[in-house]
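The data below hold one chain only, encoded as structure tokens and taken in the form predicted alone.
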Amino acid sequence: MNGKQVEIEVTDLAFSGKAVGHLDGKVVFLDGGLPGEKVLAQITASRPRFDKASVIKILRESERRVPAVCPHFAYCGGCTWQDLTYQDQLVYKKKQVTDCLERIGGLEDTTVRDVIGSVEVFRYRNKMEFSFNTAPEGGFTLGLHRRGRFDEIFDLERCFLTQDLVSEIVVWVRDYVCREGLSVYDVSNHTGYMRFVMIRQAKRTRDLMVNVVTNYGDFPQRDRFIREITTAFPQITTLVHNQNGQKSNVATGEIETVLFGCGYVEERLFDSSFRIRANSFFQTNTVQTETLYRVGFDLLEPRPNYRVLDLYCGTGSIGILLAPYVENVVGVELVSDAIKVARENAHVNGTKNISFFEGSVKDFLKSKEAQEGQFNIVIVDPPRAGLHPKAMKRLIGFGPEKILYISCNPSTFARDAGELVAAGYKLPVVRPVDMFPHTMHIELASVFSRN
């Protein structure tokens, strides 16, 4: 059936961002199309339970469709819903959270509130990563991944999720590398030098970091590069070089050198300041991060006598913001660099009632420090994979009064929520917050209370 052209009515949007239709009793996942549309599509893969297809032509447009503003939209892997009205994006994101809770978590009594939309629907990102790759026809590209491809990078001219200045820096770096004949990394055979350009621009302070990630080795004509890029862009407050020789396609470094400035940008959340280094995790939508944390704290209702355990604390932002309202906070994080920055951020903000433990969550929960802590509240903000099974088991055995769970993945959250409710916790409400307009991603905050 592969290659066959068919007409399909689009009925829904899937959690992956793909459109959904039906053909001969089977579900069809479409690369393109919006609910309410009739499309001409070509079957690209056939499975026993579903088919995959690409849209060739839209035969009847949906009222939900709007023109995409980005010239890269048709093939960029960043935005998948830029052609869907923003209010409809929020409707489908809420539906995804509800569906996950019901199908995966078995939770039908939990109320999912309407999604809190982003104040900024464009230019909201404070961080973007851009990849180098050699081109099959010769030369190289520097930009973003083509949709669904790890090995195809297109040349970026302008991205509407970040500031124009960021796009201008990317174009300048591409021209510089071409002019100087620098070797570019090949993601297929893992050879070459230039790998990534990561740019952070703080929303509140306007601090600007350019982080160039390369293969192992000193940066060629380093002083010349520093002089030329800082002259071309005087807005740059710090310039960093990270070396990474690992095959994994991530824009982090093993050896870091500060080329210019202090090596970090400073961002503000509420009345607190946070230093963010090149390899630090920090939420990429500054304005909505405040909304997400405010929602979580409102659900949590902290008290002055509460003792708080902040798991997966990263660089400490949640714990530091919560510390003035509770007795004390202990943060736990596996990444050594993140712990160093967390301690630095606590010092910058004068937060005395917070301490940090370097190690895995599952190991800390069975440690003497955890058993003697008598924590009332546990905060979890895990990676997309959710809680490790051992960490979940020990968390349930730990038995805190309340668990504030912040998640970036509704499916793994629903799985974990089902286990917590089965263990005796109640989850009355979930509050989704849209951190990433025009993508299928959604964050949420919830509080589990022990019966």
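Everything quoted here is computed from the prediction, not taken from an experiment. Residue numbers run from 1 along the displayed sequence.
Just so it is clear, the following notes concern the form predicted in complex with a small molecule, a form of the same protein that is not shown.
Residues of just one listed stretch (257-265, 127-135, 334-342, 218-226) have heavy atoms within 4.5 Å of the small molecule in the predicted complex: 334-342.
None of 196, 92, 356, 312 but one reaches within 4.5 angstroms of the small molecule in the predicted complex through a heavy atom, and that residue is 312.
Proximity to the small molecule in the predicted complex, defined as a heavy atom within 4.5 Å, holds among 306, 154, 73, 293 only for 293. Though the partner is left out of this view, residue 382 does reach within 4.5 Å of the small molecule in the predicted complex, counting heavy atoms only. Interface residue remark: residue 360 is counted as part of the site for the small molecule in the predicted complex, having a heavy atom within 4.5 Å. Among heavy atoms of residue 375, none comes within 4.5 Å of the small molecule in the predicted complex. Mapping the unseen interface onto this chain, residue 283 counts among the residues with a heavy atom inside 4.5 Å of the small molecule in the predicted complex.
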